Structures are given as structure tokens and as C-alpha cells.
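A lone chain, given as C-alpha cells: the form predicted alone.
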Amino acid sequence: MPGEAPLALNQTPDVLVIGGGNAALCAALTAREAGASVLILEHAPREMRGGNSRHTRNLRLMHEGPTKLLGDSYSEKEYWDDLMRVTKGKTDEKLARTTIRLSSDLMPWMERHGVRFQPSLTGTLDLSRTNAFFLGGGKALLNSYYTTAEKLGVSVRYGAEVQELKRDGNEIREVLVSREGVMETFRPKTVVVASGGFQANIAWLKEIWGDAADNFIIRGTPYAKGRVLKNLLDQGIASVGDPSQFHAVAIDARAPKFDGGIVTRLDCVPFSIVVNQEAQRFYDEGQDMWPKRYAIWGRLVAQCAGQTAYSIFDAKSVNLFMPSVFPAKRADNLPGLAQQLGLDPIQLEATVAQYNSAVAAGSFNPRVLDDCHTDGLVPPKSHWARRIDTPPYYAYPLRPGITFTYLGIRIDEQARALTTDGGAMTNLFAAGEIMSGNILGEGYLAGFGMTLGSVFGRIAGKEAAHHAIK
């Protein structure tokens, strides 16, 4: 394919990187700069390279004081406390603290490899103190990395689907790859798997969620089928993570089945009430700041009948958040809105009336945990509670948007894959979503996936190169 360096079939690269997203590129760049020859196998075609990283915007960074783009400070303790709050303590503390501590070095490293940053975005995801935003988003980041990789002499094969990694004891001896209908065999010295989860494999999701999985929408790449993950688990590589756990958000129900990306996410929940198909509320929409709670809403909606819910708000809130790529439903009265959504108009009016009567007086502030709450309402709304009484009325239909699954490969602090018999593979390393379950037992923090992939991509690349050259 154009732009690819030729590679003889009998050549054995020092480091073979499986995957083409952020974690894979961080591993490849680090390994190459350590003196190793590197080959990247990307399942997707060139125009869709990069996995879920194509749709990202930022990553979460520890910093002890103000930087050129991040205000104030974000200490290890605060970062750790935020992670504990969302995971409920389901994490490997050593790996989690490694991620947090090494995140402080990421921005200068990324800039040296071509990534540019911009001031943080405002709105519902106000992350100016904790997260650095990529200028041009995830695609620009990936383009910068690929450009740098090419200059450094990293080889890339697109459209290359790994079929099997052949394990012999504690080593991977061969990697079988299908490309343009032809099987190829590689015998690398070391392998870094950064091929993501299995979220695009609907059949696998149905084994866990049943028919509900047919209603899940996959926010990112359709190439994350989990073939590499399953192959390794079948060969005695130790697993980590709950198969039913994933990073999922509430997205517009009208989004495409795959690859809709960031523009389909809905950030209106804190300034609305969310009802199910019975037009009844089922959770606290204002529980905490949105970056710490937006990722619970995918699972909440997944547990609703038909995996569908509706965010209801009025004219007072319409400009408080980034809208969906699809227009909101709009009506001059609640019965008209209910009719558009297929909800019982009497029940929707009753739900809104009950909510309105419970709203306590307060000083509304969308940027902080304000004192606008409900009294005596179950479930409550803890913050940003305002009466829904100013026409026109609006609604967005919600579905669960799956970003990535948490079932993955258990690793140690050197990113080495561990085995079910308690050992460690000598030449197999893992980074990114395929090992995220080590740290994300459940829940999610905005920007943490990119942080995790960057930190462990660099660790995996360094360790793989060291092993190969040694």
C-alpha cells in the first residue's frame, strides 16, 4: 500500500506493535527511539487508522502548579481520590498510581513528537484545571504521531488483521496475520498488544448482555472485535476486569451503529430530567460534576427497557451545553413533546409536575456544585435543579454509547502480560484499552483513557525494546 515500507516475510522486527491508536503509537515511538526496529500492524485501512483515539479530545494530567494551559494544580492525591470515587476502589493501586504520577511528564513528550495543544473547552465538561486538549482533536494527534513515526523509520501495515499469536511457554513465537486475503507469518522478538477491547463484537456483547446488546451503539472504531484478546485468553494469558463493565455514555439514540464519535455524546443531563419509556425518572441527574459522572449514564440507560431514555429540559437550559449533531425534539408544551417521543403525555406531565414541586430555591451556577436541589423527591436531584416551566420544551432520545470494554489482559508494572499460572510472559507486553481493566474496575474519568494508553504505551515500548535488544 502507498506509504508503507517494504518488509520481507522472513524479517523479524525487534518490536511488533498490534494496533494503530494512541497506545500503539506511544509504544512504537518509544521503542524506535530506544534503538529497536518497529513494525505496526493496524487492522483498519489507512483512512480509518487510529482506533478510538480518532475521536478523543484531551487527556487528564497531574500537575503540581499552573502550566501554560492548565490552571492551579491537580495533585496526585486529588487525582487518586477522583479515580477512587468513580471506580469505587476497584483498581490495582500500583498501576493506577504509576499512571497518575507518570502523567505529569506526558505533555512535553507529546509536544516533542508533534502534538499541539489548545486552551481547554468550556461548557458542561469544564476541565481547564485537569485536562489538556489537543489542537485539532484526536485525528490531529494521530497524524502527528504517524508523521513522526515515519521519520523515525517505523514501518506500518494497514488492513492487517492479526489472526493468532502462537504462544510457546512464556514467549510469543509467531504472529499470523491476514492482509488482503493473504496470510503472513511474523516472528518478532517482542510483541506489544494495543488492539483495544471487544466492544465492536456484538455477538460477544450478547453473551453478557443478551438481546439488549442489539440496542447498544458503538461510539468508536468498528474494528475492535477482540480477536487478539480472545486468542490470548484462550492460551492462558491471565484476564482482568468484569466482562460486563465498559466505558459507556449516554449518546443520541439517532447516532450510527458504529464510529459516530464525540459529536453524538449528550451533555445535557445535569440540566435536565431523564425519564425512561414509562416517562418516569430513575436516577439523580445532578449527582456530581459532569466529568466525574457522565460515564455512568451509558450503563444506566443500558439498564432501561429498550435501552432507551429521554433527557427533558426547557428554554432556560438550551444553551448550557454542547448540543448533539442531531437537532433536539422541540414542542411548545409537554404533551406535544411526549407525542414526538412516543411517551404517555399524562405521565410525562405528572413527572414534571412532581419534580417542579420538589425544586428548592437556590442560586443556580452551572460551573460549580450549586445549592439548587430537590426536597423529598425520590430519586433526588442534588444540584442544578430548576423548574421545567419555560417553553419551548426540548428533549433528546438517549441510547448507551459504548466506548470500550474493561475485560482485558492482566499486566505487571513493566506492562508484561501475566499468565494464569502466576508467571509473566517474557516478550509480550500490553497497553491501552486491552489492559484498562487493571485500573478501571468500573466507572471512568474524562480523559483518563488517553492518559492510561500514553503512560503504558511508553512503558510497553521501552520494556519491549529493552528485551529485544538485550
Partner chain sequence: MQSSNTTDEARRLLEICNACRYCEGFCAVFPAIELRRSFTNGDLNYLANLCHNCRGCYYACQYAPPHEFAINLPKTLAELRGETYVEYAWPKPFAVFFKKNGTVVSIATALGIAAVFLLTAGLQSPQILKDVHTGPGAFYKVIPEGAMIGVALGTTGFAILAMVIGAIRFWRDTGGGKATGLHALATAARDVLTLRYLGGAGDGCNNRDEQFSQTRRVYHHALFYGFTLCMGSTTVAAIYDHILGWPAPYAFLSVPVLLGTFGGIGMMIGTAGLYWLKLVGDQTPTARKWMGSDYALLMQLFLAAATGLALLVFRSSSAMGALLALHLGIIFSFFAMMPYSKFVHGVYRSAALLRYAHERRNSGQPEVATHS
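Numbering follows the first chain given and starts at 1. On a predicted model such as this, the values are computed, not experimentally measured, just so you know. Throughout, rigid core stands for the largest set of C-alpha atoms superposing within 1.5 Å between the two forms.
We do not show the form predicted together with its partner chain, though everything after this point is about it.
Taking the partner from the other structure, its partner chain in the model of the complex has no heavy atom within 4.5 Å of any heavy atom of Pro243.
Taking non-hydrogen atoms only, Thr185 never approaches its partner chain to within 4.5 angstroms in the model of the complex. In the model of the complex, its partner chain sits beyond 4.5 Å of every heavy atom of Asp371. When its partner chain is considered in the model of the complex, Ser120 lines it closely, a heavy atom lying within 4.5 Å. Put simply, of Gly362, Pro366, Gly336, Gly137 only one has a heavy atom within 4.5 Å of its partner chain in the model of the complex, and it is Gly137.
Proximity to its partner chain in the model of the complex, defined as a heavy atom within 4.5 Å, singles out one entry of Lys94, Lys88, Lys77, Lys151, which is Lys151.
The three residues Tyr283, Gly286 and Ala315 each lack any heavy atom within 4.5 Å of its partner chain in the model of the complex. None of 97 to 105, 112 to 120, 224 to 232, 80 to 88 except one has non-hydrogen atoms within 4.5 angstroms of its partner chain in the model of the complex; the exception is 112 to 120. If you take 196 to 220 and check each residue for a heavy atom within 4.5 Å of its partner chain in the model of the complex, you get nothing at all. The Cα position of Phe321 differs by 2 Å or more between the shown form and the other one after fitting on the rigid core. Tyr394 is among the residues whose C-alpha shifts by 2 Å or more between the shown form and the other one once the rigid core is aligned. Once the rigid core is used as the reference frame, the Cα position of Tyr145 differs between the shown form and the other one by less than 2 Å.
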